[in-house]
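Below you'll find only one chain, the form predicted on its own, shown as structure tokens.
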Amino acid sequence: MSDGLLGGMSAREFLRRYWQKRPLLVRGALPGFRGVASRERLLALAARADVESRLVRRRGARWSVAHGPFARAVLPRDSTLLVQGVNLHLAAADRLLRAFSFLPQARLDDVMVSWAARGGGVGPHFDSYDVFLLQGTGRRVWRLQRPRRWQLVEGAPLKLIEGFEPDEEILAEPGDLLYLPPGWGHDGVALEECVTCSVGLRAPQGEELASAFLDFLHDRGLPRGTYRDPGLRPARRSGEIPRALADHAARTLRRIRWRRGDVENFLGVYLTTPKVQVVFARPSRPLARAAFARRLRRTPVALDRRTLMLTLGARLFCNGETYPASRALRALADRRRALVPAAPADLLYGWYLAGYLQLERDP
């Protein structure tokens, strides 16, 4: 499907010529595409507490941002409703995300859908990750500016670019695809009521990884040792940190050790841990273990669209847990649907009961 999305260009050619180098506009990438959700369905998602949503409004030079859930009401004039992670809730959005399977799943983040009234948008901004923008209903004008050291508007509720001066302007119509590399300034304004689907790529920042890695190490036993100073004497300068305390901190932190395997295990757990608002639907009338095992021999299994499954080396990671990676489970991770009779039935049965996967219906 990537050839159609990329205007007949192969994925290899796209990655060589455009990926993280320059924008690409593909006219009619998805002919007849109208988005993945109606306005009413999007409003229904925005009313849910387990869905991340924002409402952005502009009044002259003033911007405001409100966070959901929102009551299902008429959207204000010149507003933009942004609903994150729509692929977790709608099959059509999940299919759109999987259309980009020429990229590693570890890099795919989610599908955000924005509904904008005429004149709506979120202002000139930049993203630190790659993004594919698919135009659904309506038309939107995109103004683009090459990456630079951006200055942000002080005091704004959004990260808006100060002094935005576009280098080019693009009109996106239904079915058009616009790819933007990280750091490109862009400002999209709806010419009429419109829907835009944004497929964002995951690009963890260094400080984000470091913080999460320390949490990972802590859960698995960071060095312990409470500071004690039984021979303490009266302080001559009470505002000074005691040298013994500084020495204790240095000795404790020097004991933090990790190996390459620890980093790889952390990365797999980190990249497959579901977001806090994700809830799996357990089967209402689950099969018994023996019946499940019999069906497994002839029926493919499909990962739930909320399930995150990746492999690295001899390890498989599923929703934040680590398992041995067999050939059958690797196929499931790659394709997200596979016939896996050789996989451990007890493991798959546990995932089935947890709602991580489903058995497909018999023909």
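Keep in mind that this is a model prediction, so the values were computed, not measured. Sequential numbering from 1, following the sequence displayed.
Just so it is clear, the following notes concern the form predicted together with a small molecule, a form of the same protein that is not shown.
Trainee: Just one of Ile161, Met112, Leu177, Leu201 has a heavy atom within 4.5 angstroms of the small molecule in the predicted complex, so which one?
Mentor: Flagged contact: Met112.
Trainee: Which pick from Arg139, His125, Arg95, Arg289 sits with a heavy atom within 4.5 Å of the small molecule in the predicted complex?
Mentor: Of the listed residues, the single hit is His125.
Trainee: Please identify, from 273 to 281, 165 to 173, 237 to 245, 140 to 148, the stretch that has a heavy atom within 4.5 Å of the small molecule in the predicted complex.
Mentor: Every other range fails; the passing one is 140 to 148.
Trainee: In the predicted complex, does His89 have a heavy atom within 4.5 Å of the small molecule?
Mentor: Output for His89 is no: heavy atoms all beyond 4.5 Å of the small molecule.
Trainee: Does any part of Thr196 reach within 4.5 Å of the small molecule in the predicted complex? Heavy atoms only, please.
Mentor: Thr196: contacts the small molecule in the predicted complex.
Trainee: Check Thr80, Leu133 and His186: does every one of them have a heavy atom within 4.5 Å of the small molecule in the predicted complex?
Mentor: Per the other structure, all of Thr80, Leu133 and His186 touch the small molecule.
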